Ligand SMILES: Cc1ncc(COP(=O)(O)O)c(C=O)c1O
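Have a look below at one chain only, the form predicted alone, in structure tokens format.
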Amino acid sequence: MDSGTSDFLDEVLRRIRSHLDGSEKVVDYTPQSSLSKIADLNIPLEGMGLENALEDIDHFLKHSVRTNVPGFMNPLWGGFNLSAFAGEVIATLTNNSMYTYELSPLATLMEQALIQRMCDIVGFTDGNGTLTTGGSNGNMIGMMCARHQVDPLGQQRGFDGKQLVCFVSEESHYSVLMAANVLGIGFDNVIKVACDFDGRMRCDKLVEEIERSRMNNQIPFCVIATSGTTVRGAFDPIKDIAHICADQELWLHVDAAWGGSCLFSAKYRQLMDGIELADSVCWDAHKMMGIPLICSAFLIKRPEILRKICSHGNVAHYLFLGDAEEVDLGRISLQCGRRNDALKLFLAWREKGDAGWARLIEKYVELADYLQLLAEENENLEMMSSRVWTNVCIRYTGQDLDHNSVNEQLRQRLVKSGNFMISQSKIGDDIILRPVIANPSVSTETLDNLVNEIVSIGNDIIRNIPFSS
């Protein structure tokens, strides 16, 4: 290595340390209109050298959201895992691709070891799977497998998706619509099943919707249950849904992108009671487990179906050699070029073990319990939903308020302050604030400060609301 390369790497490492040791603010908020004016985004004809790369890194870090600091409770992921970070760096350094054993020998074995462990935890004794680009991709693969089961010849002759219908919770993730779009099934053929008061799919309504579709000469082909909904963190009743799917001969895919990690905990595993009865599952390690984006698994009970829907790769004689057919991961993936996401998860799992993951998950739920208690004890806050997971749905409240307007303003001001980033969502017609606990740096002190700042901003907003005469 020449001295220039060594010096550059030293400077990059110095910036990494500085970023990790730096400000506790989530973001130095700059409006898009201003940032687009001050950012140097010129793509040059002649290269500007490594020194300029360091300047660009400084500029990027200055304006980046700091997802590792305690105040970051916005999406369903956050925090920093050192061993996984090391795996991410090494995976990029080696720059392998995961479609053949020849190109990624140990990484191939690592990924299969991880997939088999996750299958064991789910209860897929003879299952298999693949790491994917995220829960959205996993849901689409699940739907593809379901479609193959109902029409195995469609892969050759083409599919007409107009009659196919799938069933999801009305609080399911939007990626199900994406999958229907990509697969030619259509938005109208994604039937949203009513939920109960706690945001869980109602099984009586599911049966009604399946029967209605058959009466309309449609072809039901799968149910997608959700384990950990995006807004409320609700878990659909998998066991009851599985029995319906068995009776109706429908594929059951479980979107456990958010809630799958409950399976580590003896205390919370019952949230996914019956998961072993599903046909396929997606589970994001980059959410509750804190692995850097992207790290997501698709698991299937009958691996031969996944191999069949990915059989397009069989014609790639320039990639896949016969003697490696059983180990080349490209044969069970929709992707060709695919980065090594296994190493970071492997290193983190070896660091923590199942017991470490269980402790982390239980700590998160305890912190969410604490935040709920703070909200319930504060006269200016109210819980907007029951909860079992780490989504805490609240809003600022008071007499004679336009709650939606006040809470929308409150969230805008909270984010612009830079101390906290939480999400805004809706339950019915109500705008709510949704802090999510999925960041290992969050503490009870963090949550005390969050509540204080929410209440302080809310009080300031209502003090400045003009009274009508």
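Residue numbers here begin at 1 and follow the sequence given. Note that the structure is predicted; figures quoted are calculated from it, not measured.
The protein also exists as the form predicted in complex with this ligand; that form is not presented, and the subsequent description refers to it.
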Could you work out which of 301, 173, 352, 147 is the residue within 4.5 angstroms of this ligand in the predicted bound form, going by heavy atoms? 173
Using a 4.5 Å cut on heavy atoms, which of 213, 136, 265, 100 is close to this ligand in the predicted bound form? 136
Close approach of residue 287 to this ligand in the predicted bound form, 4.5 Å, heavy atom: yes
Report whether the minimum heavy atom distance between residue 96 and this ligand in the predicted bound form is within 4.5 Å. no
Exercise: residue 76 in contact with this ligand in the predicted bound form, heavy atom 4.5 Å: yes
Would residue 280 show up as a contact with this ligand in the predicted bound form if we use heavy atoms at 4.5 Å? no
Want to guess which of 205-213, 354-362, 254-262, 178-186 is within 4.5 Å of this ligand in the predicted bound form, heavy atoms only? 254-262
